[in-house]
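Single chain ahead, written as structure tokens, the form predicted on its own.
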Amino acid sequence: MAVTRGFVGRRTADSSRVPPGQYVTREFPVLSAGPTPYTPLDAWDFTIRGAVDKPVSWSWTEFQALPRETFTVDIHCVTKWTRLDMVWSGVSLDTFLDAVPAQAAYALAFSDGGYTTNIPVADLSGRKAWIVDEYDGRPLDPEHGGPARLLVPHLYFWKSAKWIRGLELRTTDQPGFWEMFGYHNYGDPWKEQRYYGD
């Protein structure tokens, strides 16, 4: 795992916003399991496949034309840092899922570089998750997952897959990259579900 700046922080008394075992940082640490991929925008697409009648893909241009929103959320990393009031812009996953009717209960997010992570569809719908391409008013840097990443702020940040390229909808759950290496299958920061058995 490559780790860069950002591992200095301060404790906060606001326990309503900071899960157990976390510390608050003003930095945006970078952690990656491998090298950073650089995908040209004209080669990027986002695809929903798997337990669907027909896979559906959106090009970068089509993604940019979808209804967008800007929102502020807190992020909690399994390595124990929390960053408050992060401002993102992107497209709600509801927009994509509504276009691909399916009865699947599970999703496997897949990314450039081979990264995967599993998430229940219920945690991706209902305005709980987005595909984001801007952070703090600027295009998302590749080191933070650009050109676009999944953002699921109510789960530990490893579930917010960098360099997202799509979702494979599934009728059965399939562990992703870190889950196969002993990370918790769900990853609720408020329950400290960091590793298998937590």
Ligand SMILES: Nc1nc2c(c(=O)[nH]1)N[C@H]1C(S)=C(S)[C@@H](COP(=O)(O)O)O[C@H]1N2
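It should be emphasised that the depicted structure is a prediction, and the values quoted were computed from it without experimental measurement. Start at 1 with the first residue shown and count on from there.
Below, we refer to the form predicted in complex with the named molecule, which is not included among the displayed structures.
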*Every residue of Leu31, Trp81 and Phe157 near the named molecule in the predicted complex, heavy atom within 4.5 Å*: yes
_Quick check on His144: any heavy atom within 4.5 Å of the named molecule in the predicted complex?_
yes
_Does any part of Trp178 reach within 4.5 Å of the named molecule in the predicted complex? Heavy atoms only, please._
yes
*4.5 Å heavy atom contact, Ser111 and the named molecule in the predicted complex*: yes
*Contact of Trp163 with the named molecule in the predicted complex (heavy atom, 4.5 Å)*: yes
*Specify the contacting stretch among 38-46, 61-69, 167-175, 23-31, defined as having any heavy atom within 4.5 Å of the named molecule in the predicted complex.*
23-31
*Identify, from the list Val91, Ala102, Val121, Cys77, the residue with a heavy atom within 4.5 Å of the named molecule in the predicted complex.*
Cys77
